[in-house]
Every structure is written in C-alpha cells, then in structure tokens.
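The data below hold one chain only, encoded as structure tokens and taken in the form predicted on its own.
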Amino acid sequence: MSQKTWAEERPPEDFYRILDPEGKLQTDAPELADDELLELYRTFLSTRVLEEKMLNMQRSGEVSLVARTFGEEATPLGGAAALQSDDWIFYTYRQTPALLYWDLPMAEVIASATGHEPETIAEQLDTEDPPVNFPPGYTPIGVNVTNAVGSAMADAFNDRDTVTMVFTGDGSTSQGSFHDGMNFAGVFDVPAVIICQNNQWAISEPSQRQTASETFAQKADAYGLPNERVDGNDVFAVYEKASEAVERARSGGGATFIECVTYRMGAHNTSDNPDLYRDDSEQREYWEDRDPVDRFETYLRSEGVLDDETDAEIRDEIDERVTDAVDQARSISNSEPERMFDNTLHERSWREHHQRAELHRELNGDNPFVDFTGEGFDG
C-alpha cells in the first residue's frame, strides 16, 4: 500500500505586500538608506552561502542536522531588522537571517550545529555579544511563545524599554503552549511581537491538516491581539508591519501577532524526505517565481543601489567570512561530556546521579547499562 501524499491548498493572497513578485513597488517602500538596503541584501546572501556550507558539512558527517531557511529568508530578516539594540529575539531552527543580521557570529551558528556545549563555544571563540539578546534556540516551537511572553513580562515589570520578538511556525499553532502564550500576551498587554512563519508545512502535515481556520492571523482575534497578515517573501512588507508592531509594544500598546505567508521549498531538515508525503512540483514552481532574494535584488538594481561590481564585492566578502567561520568552528575542541549536566535548575536528582554513573562507566570502557544502586559513586 502506497503512502498518502498531500497536495497543498494555496492560502488566500489577501495579505499585505509592498514588492510584487517581479520586484516592483506596489506602494511606497520603507524609508531605508542605501547602506541599510545593502545590509539586508548582504544578510540574504550570507544566509544562503552559510546554510549551503552547513548542508555540505552535514553530508560529510561534521554536522548532525540542518534545517534550512531557503525561500523563507524575508520573514526572519524583515522581523529582526525592525528591532533595536537590547531587544530580544526568541528564535527556533529556521531564523538564520535574524541571527546574522544582528551579528551572532557565523562560527557560533556552525559550532552549535556540531554539538558543542554553549559554554565551550563561548570559552573558545573570541567574539563579542550581539547587540540584541538571543536566548538558546528551541526545537519545541510552541513553547517558544510561552517563554518569550514570560521574558517580555519580566522586562515590563522591571521597567526595561525593550521589546521581545518571537518566531513560531504554522504547525505550532496546534500546540497548547502556543495558546497559553497568546492568551497571556493578550491579557497582560505584553511588549512582544509574535511572528508566525507560515511555510505551510508542519513537517509532513499541510496547513489544511493543522487548522480549519482560513488564516492563522485570525486566531489572534480570540485573544484580543491586533494581527496582520503579510507576504512573507516580501522583506519590505514584513519589515514595515513588524516595525509598527514593535513601536506599539514599546509604547505600551501590548503584543501583536503577524502571520507571514511563505513556503518551505525543501525538506523539513536533512533527516526528512518530503517526497514521501507531498507532491509539490506545481507549488514549487509558483513559489520559485516569488523567491525573496531574487525579488529584492531586482528592486535594488532597478533603484541603482546595486550593480555588478558591488554585488561581486559583497559575494566575495561573504565567501571569505563563511570560510573563516568554518575554520573557527573546526578549531573548537570537543566539549567534556559531563558538561551536559551543567546549569540545571534543580539540586542533583537521583536520575541525574544515575546518568552520571552511566557516563563514567562508558568513558571507562565498561557497559553503562547495568543495574545501578548508587553505591561506590560519589561524583
């Protein structure tokens, strides 16, 4: 019996847009200087080169897993560009442009994917903290919203003039922790911007298998949150609506929910084979014509902001930076295995005591999976 494959139902295109798919303005562009526009373009290209390199490293066994942002870059980039220094970004595994825009070192991004402990990376990489705050990335995406609005509320209690931006996915809107966070944000006017990066696939489930709602933005109505629905492949549209939401949050107006409609062009990650569950040849062609990087490049060239010489200089610079970052990441020595037990939020439990004993047995070349009483171990 063959496995069921899904064909997507393309979401309604009643979203806000500034750049059309051909890179032409439909309305006024945000007021950004040429150097700011080129920084957006540089981040676009940096993301693609870095993620392609990490994909190759995964294929050679240096990286365990890669979840690319390919085709979705405008959503995290436009959102992140709306923030200021000392703000917060709660990210997951598909927001590389947000990290690079705010100068999280490429070597740190690579080293995190190779399994190094954060403390080991911090000790061995001679880097400065980025201007915005990045907590550790999350795999359970729904809880990202709960954690972010709690952090934002703490800032509000302490009279900090900061805004928290959190990224979540379309699939996470089916999780209870997402709704807990949304409800909390609405009730307490939390200074947060919640961005749903709707790439229309929750691993192997298309949107119509996640929700009966016509859009994800309308879910925010139930929690009393202002909401927007934008073209997630249009960096200008995302930036403009995110900027409005950031200003609202910073001035005491509470949280905003933004649905950014984009598309997952490839696999969920490098452990996934999308051919087993989706038939998307028609959709891929449709979204390839709406590629966020090509679209933005076309606009920059039409405005005289970008030419062949500048483009070549930027690409050469990025290639050099990525090569240097890979060398730095490869130079980091392996973390001590016992560091996995550092920074727990409780006194040492019996379970942790048990796991440490198993680790020590394995490191000594013994069978770790034997009956354990705790006797003779004082680690």
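Position 1 is the first residue in the sequence shown; the rest follow in order. Quick caveat, the model's predicted, so the values are computed rather than measured.
What follows is about the form predicted together with another copy of the chain, which we do not show.
- With the partner left out here, another copy of the chain still marks one of 280 to 288, 214 to 222, 228 to 236, 293 to 301 in the model of the complex; by a 4.5 Å heavy atom cut-off that stretch is 214 to 222.
- Although the partner is absent from this view, T173 contacts another copy of the chain in the model of the complex, with a non-hydrogen atom inside 4.5 angstroms.
- At the 4.5 Å threshold, heavy atoms of Q84 stay clear of another copy of the chain in the model of the complex, well away from it.
- Mapping the unseen interface onto this chain, T92 falls outside it, with no heavy atom inside 4.5 Å of another copy of the chain in the model of the complex.
- Taking the partner from elsewhere, G186 is found to have a heavy atom lying within 4.5 Å of another copy of the chain in the model of the complex.
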